[in-house]
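Next comes just one chain, in structure tokens: the form predicted on its own.
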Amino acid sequence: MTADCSVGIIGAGGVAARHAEVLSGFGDVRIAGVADTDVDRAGALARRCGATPYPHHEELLAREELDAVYICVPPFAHGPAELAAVDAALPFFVEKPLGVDTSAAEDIAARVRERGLLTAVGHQWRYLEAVERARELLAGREVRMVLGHWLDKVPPVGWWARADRSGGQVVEQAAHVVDLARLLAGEVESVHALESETRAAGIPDADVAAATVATLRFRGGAVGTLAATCLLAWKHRAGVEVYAEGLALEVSEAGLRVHTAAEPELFEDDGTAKERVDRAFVDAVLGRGGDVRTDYAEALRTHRVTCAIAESALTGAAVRPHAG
């Protein structure tokens, strides 16, 4: 099949490589170029997917005729690539988080809205079969409590343990959990967080807390908690527990466990969410579908909550997620 969608990739790290592998498996996609300030890394990924390497996103956008762009850069690097895509009127898919705070993201969202530009964000948990099943079970029920957790290790990248580079664990990792809590329980009205005095281990000058806990109040009346830690040497648990009248759900990337008065039921996920999120975006670019479940504006609502938790953990005061 002749490729119909020409894609550029900005950033050549692990997440970019994952998207490149998925996109390379689509018969209607051609990866035209890969841009990264690390030219060796850009070259390596470009060779793997038959693309041209570039040292900067501006050169990629200037030299290639693209239908869309994937922006897979670290949290501290967000902003210039998105704004360049907006200026070029290019649909873009951006990996979470949207930044280390909300300042650049608010500006990008406003400009995307003005241009009416197609966007998508990498909250692939929304494509889990487990999540779809959970939403069906919760239809007509009021969620009253949500318990979220991301219990993990320090990722093997030097920037992660610096808050000014990653935004912290809640912003960079637990955003998936917060996004799922919003999807299942509604908008978050306020948060109140605490973090440990212990910092992430193993990286010089680390200032990201080793553990963070937060309480959340949802506009619909539900309450919740979030617990995050990077103290471990393995990914121990990541997901949410959702409680409604007579129903308890455990949702994770692995699947869904349903608890009622009867024996628990387990629904295993089919593991295709990371492919489905890319397929939905490509189809939307090509005008073949409208299953983008998290555009930039929607992802910003989650990002505001995670940044509010980070702010509350620093100040010790309750914070209301807000725009601007």
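Note that residue numbering begins at 1 and tracks the sequence as displayed. Small disclaimer: the values here were computed from a predicted structure and weren't measured.
There is another form of the same protein, the form predicted together with a small molecule; it is not shown, and what comes next is about it.
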Quick one: find which of 61-69, 287-295, 262-270, 35-43 has residues within 4.5 Å of the small molecule in the predicted bound form by heavy atom distance.
-> 35-43
Which listed residue (Arg133, His149, His176, Arg182) meets the criterion of a heavy atom within 4.5 Å of the small molecule in the predicted bound form?
-> His176
Name the single residue among Ala254, Leu194, Ala110, Val157 that comes within 4.5 Å of the small molecule in the predicted bound form, judging by heavy atoms.
-> Val157
Give a yes or no for Leu23: in the predicted bound form, does one of its heavy atoms lie within 4.5 Å of a heavy atom belonging to the small molecule?
-> no
Does at least one non-hydrogen atom of Leu118 fall within 4.5 angstroms of the small molecule in the predicted bound form?
-> no
Give a yes/no on whether Gly316 approaches the small molecule to within 4.5 Å in the predicted bound form, heavy atoms considered.
-> no
Examine Pro91 and determine whether its closest non-hydrogen atom to the small molecule in the predicted bound form is within 4.5 angstroms.
-> no
